[in-house]
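For reference, the chain that follows is the form predicted alone, supplied as structure tokens.
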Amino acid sequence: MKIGLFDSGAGGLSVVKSLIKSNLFDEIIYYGDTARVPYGTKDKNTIIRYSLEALEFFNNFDIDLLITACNTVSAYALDEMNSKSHYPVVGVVESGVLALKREFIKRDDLILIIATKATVKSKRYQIHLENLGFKNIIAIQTGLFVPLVEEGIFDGEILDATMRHYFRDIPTPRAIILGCTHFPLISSSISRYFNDRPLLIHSGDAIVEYLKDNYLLFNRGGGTDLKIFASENVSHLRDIAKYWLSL
């Protein structure tokens, strides 16, 4: 089975890592729209337009399924992409919420959502969690993390200062939803900031379980072939893949 995976930049590699580990697929075609990253600062119509243009890219490949690893795309453009596609297009918001639901978390525990401005503004995560009965939710936009990851900054002084900027007034949550696929690449630093206490929910592990449950996929053994494409500077994206995926 061959699938496509679309992200605004390098963040979707965090999903690729989980997919490769799962051995669900023979081949993954990855496309990062690095020329226009980040999507999280764009308006809804622009996000939809960029997402449909990415869909045209995947028409060059005979894929069976497309994953929109970008949470912003999943929040705004999933319906439009599915209406234009002859294969299923799967987002990551619902799978992340389902992953949290599976955990033993009280409905009054503090849940922190960190995401781009557009994803937070969409309220997709907040509405899903409220519908499940969660009562103590904080959602903040942490968009500065995205360019840091795109620059290959996964720890260190700059990232520490950025976390202090965003988290200084946030009490330690019971769980953190990493509502952007860039954020698992800095998840170790985020966890350390909160003294390794919160449960971290990220799109990669969540989407694997979602695909197993909804598409009856299973570990088929063997390796997964990965092909990486980008709208700009594909060599830099491949360098990040080498670091993150240990290629």
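Numbering starts at 1 and runs along the sequence shown. On a predicted model such as this, the values are computed, not experimentally measured, just so you know.
Omitted from view is the form predicted together with D-glutamic acid, to which the following refers.
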property: Stretch from 114 to 122, 164 to 172, 101 to 109, 76 to 84 whose residues place a heavy atom within 4.5 Å of D-glutamic acid in the model of the complex; result: 114 to 122
property: Residue 93, heavy atom within 4.5 angstroms of D-glutamic acid in the model of the complex; result: no
property: Interface membership of residue 204, D-glutamic acid in the model of the complex, 4.5 Å heavy atom rule; result: no
property: Any non-hydrogen atom of residue 37 within 4.5 angstroms of D-glutamic acid in the model of the complex; result: yes
property: Contact flag, residue 146 vs D-glutamic acid in the model of the complex, heavy atom cut 4.5 Å; result: yes
property: Residues in 1 to 20 close to D-glutamic acid in the model of the complex, defined by a heavy atom within 4.5 Å, in order; result: 7, 8
